[in-house]
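The data below hold one chain only, encoded as structure tokens and taken in the form predicted alone.
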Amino acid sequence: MSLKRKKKVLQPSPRILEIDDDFSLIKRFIEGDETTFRTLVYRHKEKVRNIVYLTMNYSDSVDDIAQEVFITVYKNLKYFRFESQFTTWLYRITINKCRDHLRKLKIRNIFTPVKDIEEVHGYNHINENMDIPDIVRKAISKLPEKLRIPLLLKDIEGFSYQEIADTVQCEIGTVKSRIFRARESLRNILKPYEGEL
């Protein structure tokens, strides 16, 4: 019985999700209703986890980084300016957290033999036993970050060009150019696997 009560507290009712948009939840949070933060997390956690997973290319840190994202959001939500969508702000924080972790990883990798890095973090050569999504994911991971992130946001997450521009903080023309270059690079990386794909 206590478990059922706990579940009700942790998961907002569908009615709340339908009635409250992000802005009204944020306003209520700023006014002191901290329970609305749980609804924001519930609404956006899977998207954040997905972006982290695709950006980082391995799953070990997904939950830790997603948790860091929401801790940062919790601490800074009172400063949210309502000038852009909440999701734009949230995904910018998510990408910045991923970048922080990638930077730390690069520093750590200086002291790790290359072979170990490749085996641990999935940068090893693609072999015949891998499934197609894994082949594509590993190919995407080989793209430079500035091309990879816009491509993921557009082709995997379905963001508009404007949303991507707001999230990565650059011009729409730059976003379009980077996505075009990312697709071309990806096509070249995947050329040896044309038959399987």
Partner chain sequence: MKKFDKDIEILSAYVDDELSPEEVRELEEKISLSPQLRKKLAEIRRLKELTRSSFKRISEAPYFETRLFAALEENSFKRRMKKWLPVTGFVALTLSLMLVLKFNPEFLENIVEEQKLNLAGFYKENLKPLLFAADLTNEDIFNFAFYNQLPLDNTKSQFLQLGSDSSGKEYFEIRTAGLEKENDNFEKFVETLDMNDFQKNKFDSIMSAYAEELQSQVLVNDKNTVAINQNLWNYRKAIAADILKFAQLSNEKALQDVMPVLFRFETPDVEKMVNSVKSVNDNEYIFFTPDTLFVDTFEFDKKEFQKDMEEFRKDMQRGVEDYKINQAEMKKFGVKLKLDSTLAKLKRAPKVEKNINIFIDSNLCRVHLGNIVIPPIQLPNMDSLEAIINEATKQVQAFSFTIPKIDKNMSKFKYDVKVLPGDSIRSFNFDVRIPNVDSPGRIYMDPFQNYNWNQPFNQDSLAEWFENFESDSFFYGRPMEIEIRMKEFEKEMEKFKHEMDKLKKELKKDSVQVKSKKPVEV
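Positions refer to the first chain, counted from 1. Keep in mind it's a predicted model, so treat the numbers as computed, not measured.
Beyond the structure shown, there is the form predicted in complex with its partner chain, which is absent from this document and is the topic of what follows.
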Margin query: in the predicted bound form, does each of D33, I93 and K104 have a heavy atom within 4.5 Å of its partner chain?
Written below: no
Next item on the list: Evaluate S160 for contact with its partner chain in the predicted bound form, applying a 4.5 angstroms cut-off between non-hydrogen atoms, and reply yes or no.
Entry: yes
Notebook entry, point to check: Does the 4.5 Å heavy atom contact test between E145 and its partner chain in the predicted bound form come out positive?
Noted result: no
Margin query: Considering non-hydrogen atoms and a 4.5 Å limit, does its partner chain approach C170 in the predicted bound form?
Written below: no
Note to self: Even though the partner isn't displayed, in the predicted bound form is Y74 close enough to its partner chain, meaning a heavy atom within 4.5 Å?
What the structure shows: yes
Notebook entry, point to check: Who in 25-49 is close to its partner chain in the predicted bound form, meaning a heavy atom within 4.5 Å?
Noted result: F37, R38, V41, Y42, K45, E46, R49
